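For reference, the chain that follows is the form predicted alone, supplied as structure tokens.
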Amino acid sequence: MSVWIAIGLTAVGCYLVKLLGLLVPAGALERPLVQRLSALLPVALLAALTAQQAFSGADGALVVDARAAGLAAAGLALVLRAPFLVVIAAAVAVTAAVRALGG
């Protein structure tokens, strides 16, 4: 039951954060620094989440395994300007192949 309470509190918290974002005055959002930060912050957060998921072990240690190979394959596909589904498929295929080979 406590998990559902946590989920409910998280949902309410997310809604309040979104509501708080709607209450920001338009003048504050039109500043060049805010516009630049709003363009760069999602990319930085996504990169940090990807790195954390790709290189962290069970105890928080730095690990280089099949996930890193899949990430490298996805990066290569992005450099080659492949469509998004091809990027995902390349990452999945390379990760699975490396794991099948024992990596």
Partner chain sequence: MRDALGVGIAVGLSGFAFGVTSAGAGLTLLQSCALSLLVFTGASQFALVGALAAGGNPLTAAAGAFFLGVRNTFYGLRLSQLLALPRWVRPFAAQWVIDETTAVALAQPTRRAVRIGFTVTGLTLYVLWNLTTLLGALGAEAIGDTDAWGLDAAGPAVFLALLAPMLRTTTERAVAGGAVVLGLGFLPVLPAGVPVLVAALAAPAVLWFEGRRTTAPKGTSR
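The term rigid core refers to the maximal set of C-alpha atoms that superpose within 1.5 Å between the two forms. Worth saying up front: this structure is predicted, and the values here are computed from it rather than measured. Positions refer to the first chain, counted from 1.
Unshown form predicted in complex with its partner chain; subsequent notes refer to it.
Quiz item: Would Leu101 show up as a contact with its partner chain in the predicted bound form if we use heavy atoms at 4.5 Å?
Solution: No, no contact at 4.5 Å.
Quiz item: Taking 4.5 angstroms as the cut-off for heavy atoms, does Cys14 touch its partner chain in the predicted bound form?
Solution: So Cys14 counts as contacting its partner chain.
Self-check item: its partner chain contact at Val64 in the predicted bound form, heavy atom, 4.5 Å
Solution: So Val64 does not count as contacting its partner chain.
Quiz prompt | Contact label in the predicted bound form: Leu80 to its partner chain, heavy atom within 4.5 Å | solution = Looking in the predicted bound form, residue contacts with its partner chain do not include Leu80, since no heavy atom lies within 4.5 Å.
Exercise. Scan 47 to 74 and note down the residues that get a heavy atom within 4.5 Å of its partner chain in the predicted bound form; none is a fine answer too.
Key: Residues within 4.5 Å: Ala47, Ala48, Leu49, Thr50, Ala51, Gln52, Gln53, Ala54, Phe55, Ser56, Gly60, Leu62, Arg67, Leu71, Ala74.
Quiz item: Comparing between this form and the one not shown on the rigid core, is the C-alpha shift at Ala89 2 Å or larger?
Solution: Where the cores coincide, Ala89 shows only a C-alpha shift between this form and the one not shown that is less than 2 Å.
Self-check item: Large Cα move at Pro32 between this form and the one not shown, threshold 2 Å, rigid core
Solution: The answer is yes, as the C-alpha of Pro32 shifts between this form and the one not shown by 2 Å or more after core alignment.
Exercise. Could you check whether the CA atom of Cys14 moves 2 Å or more between this form and the one not shown, using the rigid core for the fit?
Key: Superposed on the core, Cys14 moves its C-alpha 2 Å or more between this form and the one not shown.
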